[in-house]
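In the form predicted alone, a lone chain appears below as structure tokens.
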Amino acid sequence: MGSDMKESKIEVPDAPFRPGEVSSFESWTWEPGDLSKPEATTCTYDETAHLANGLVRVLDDKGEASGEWDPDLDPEVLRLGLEHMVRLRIFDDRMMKMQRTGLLSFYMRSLGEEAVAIAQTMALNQDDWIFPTYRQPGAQFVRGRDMVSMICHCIGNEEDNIKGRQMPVHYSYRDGRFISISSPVGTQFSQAVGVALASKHKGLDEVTITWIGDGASAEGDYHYALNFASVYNAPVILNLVNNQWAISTHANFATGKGNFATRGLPYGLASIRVDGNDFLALYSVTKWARERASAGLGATHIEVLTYRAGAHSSSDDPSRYRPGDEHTKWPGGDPVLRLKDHLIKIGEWSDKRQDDLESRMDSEVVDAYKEAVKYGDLANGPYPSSDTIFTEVYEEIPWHLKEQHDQMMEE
């Protein structure tokens, strides 16, 4: 090689801050009144460029709601949303304590992201399809799932509706159209587009919503889904939850230049970036996307800007890769506190009512656990029958599996 050739280096992204350093985030410059709200039933994808490059907010830093995206929800709806979020946070805390004391094998919390699935699911119709990741269990509360059933699944006892075929927190809830969570999370996007197209083929007014994380957006499944959603005009809401961290790598490893929301524009998809800790903004954007899909205008691609306040899972130690107090510096604050403060500001809530709600939710979770363990616990069972390995997979069990089943029963 000639001596005059310049040395080239591959750029390797790194996190802005590491353990031992002091995290600092710039305050958001976007205010609730900054961004216009296009008409959902006529908006083309290119008319959303300002929404992809900005940040849709309804609640400002003082807890006041304003701007074109304000959904003007009845206080009763806001109180229900707050109740669901508090229920999820306390449920998560109790389940983590169970895991730490050996009563549960594995768990993943939604700490700091409670508004995402709850506000967005509340904005949907009851017959819309949900393709979640493991941080959207709150959607089941919105759809009315019994907490005892959820705990039975996490324990894996004989009342586990998945019969031990999935890891804990990989829920499935048929009655709520809540599709089983997939550990390779990127696949949810492609599968969600497929179900949306099936609904469209049948002429049904059904929309599919799905979520993946920032890390999974670096996988091919993400791009396949965007391409199919665009080409076939699928009625699907594609949420990329940018919570800043995959299991141990920063979002910089997945986004490259620009932001996540703008990735949808070259595919011809309406694209929006929304404050993921703002219950009202999430509700409004999702309602808009659903209305647009119902009008036949296809998919909406949404970057949900938030922060994973806790560990990735019960197997993760985030102190190994980020400052311990980094989540407290996040400009978006805490979604539960923001909605609570807003309700207090408009005279529809109080600290006393908040305390009563938290106490009631804690009792609800404890009572549900006591009921769930009546059907068996992790240490002692009873567990689903062994023959469930072979059932409910095929309509007719193939001969080779039938042989294995019979052999197992003989032994």
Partner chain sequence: MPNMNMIQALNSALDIMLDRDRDVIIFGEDVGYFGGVFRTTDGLQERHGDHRVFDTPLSEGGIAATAFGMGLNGLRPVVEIQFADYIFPAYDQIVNEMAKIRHRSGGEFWSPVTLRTPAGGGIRGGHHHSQSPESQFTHTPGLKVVYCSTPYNAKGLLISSIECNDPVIFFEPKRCYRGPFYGDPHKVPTWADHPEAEVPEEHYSIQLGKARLATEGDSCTVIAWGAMVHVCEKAIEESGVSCDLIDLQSLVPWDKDAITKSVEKTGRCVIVHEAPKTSGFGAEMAASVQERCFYMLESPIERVTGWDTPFPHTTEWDYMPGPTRIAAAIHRTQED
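If you superpose the two forms and keep the largest set of C-alpha atoms that fall within 1.5 Å, you have the rigid core. Residue numbers count along the first chain shown, from 1. Worth saying up front: this structure is predicted, and the values here are computed from it rather than measured.
Only in words, not in the display: the form predicted together with its partner chain, which the text now covers.
Residues within 4.5 angstroms of its partner chain in the model of the complex, judged by any non-hydrogen atom, belong to 162 to 170 and to none of the other stretches in 71 to 79, 324 to 332, 162 to 170, 112 to 120.
Contact with its partner chain in the model of the complex, judged by any heavy atom within 4.5 Å, is made by just one of 178, 307, 288, 91: 178. For residue 19, a non-hydrogen atom is located within 4.5 Å of its partner chain in the model of the complex, even though that partner is not displayed.
Interface membership of residue 36, defined by any non-hydrogen atom within 4.5 Å of its partner chain in the model of the complex, is ruled out. Within 4.5 Å of any heavy atom of its partner chain in the model of the complex lies no heavy atom of residue 150. Its partner chain is not shown here, and in the model of the complex it never comes within 4.5 Å of any heavy atom of residue 341. Using a 4.5 Å cut-off on any heavy atom, the residues of 385 to 411 that reach its partner chain in the model of the complex are, in sequence order, 386, 388, 389, 390, 391, 392, 393, 394, 395, 398, 399, 400, 401, 403, 404, 407, 408, 411. Once the cores line up, the CA of residue 398 ends up 2 angstroms or more apart between this form and the one not shown.
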